[in-house]
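Encoded as structure tokens, the following chain is the form predicted alone, with no partner shown.
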Amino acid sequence: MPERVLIYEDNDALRKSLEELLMLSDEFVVVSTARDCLSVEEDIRQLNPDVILMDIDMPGMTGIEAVKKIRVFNKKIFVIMLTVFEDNGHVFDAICAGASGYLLKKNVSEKLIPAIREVLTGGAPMSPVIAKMVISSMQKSSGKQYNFTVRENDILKLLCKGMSYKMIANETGLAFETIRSYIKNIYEKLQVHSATEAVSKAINEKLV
């Protein structure tokens, strides 16, 4: 069954290109497109998308504001931000607000489908520039303690770099199922249910 994709992009040509690219693959179906996200809550409840492609700068409501609104009532849906500049503070703000990752508009033609596949398998696509900002934010002191083991803390940092379970297994040399077990423990300690929630909470609470 194809994954359901909802697109918010105010550039008409790019919005059409995104839709056409996804239509070339039988992995995805575009349930709707819009040039603003003013009705995002109603859209999600009616269309039940699996993934949202969200422009950061849109009229009426920014993509960052939309992500914050979405996370109030839906913690699990994947939201990939679309942006022109990779080192923009707005991208970092979007990740902190609960975005699953981001995609540079100039790379859409070759990286759109891989980016969607990545979030669907537990990854969080982001560049080394933004990943470094995420880690830097995490390394600041926090009042909350979750009693992570050293290994759990290392794996949480790798999650925040946008790595999937498979990538973390390759990086650490541990078995895939071992990584799955560690991440399950991390989720339980953070009281979250997805990589997106874990990354968002780690950033917002400046966890080590």
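Definition used throughout: the rigid core is the maximal C-alpha set that superposes within 1.5 Å between two forms. Don't overthink the numbering: it's just position in the shown sequence, from 1. It should be emphasised that the depicted structure is a prediction, and the values quoted were computed from it without experimental measurement.
From this point on, the text means the form predicted together with the DNA, which you will not see here.
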Segment that reaches the DNA in the predicted complex - one of 157 to 165, 52 to 60, 65 to 73, 27 to 35, heavy atoms within 4.5 Å
157 to 165
With the DNA left out of view, which of Ser181, Asn170, Gln46, Ser39 would have a heavy atom within 4.5 Å of it in the predicted complex?
Ser181
All three of Thr149, Glu177 and Ser194 touching the DNA in the predicted complex at 4.5 Å, heavy atom to heavy atom?
yes
With both forms fit on the core, is the shift of the CA atom of Arg15 between the shown form and the other one 2 Å or larger?
no
Ser25 C-alpha relocation of at least 2 Å between the shown form and the other one, rigid core basis
no
Following rigid core alignment, is the displacement of the Glu177 C-alpha between the shown form and the other one equal to or greater than 2 angstroms?
yes
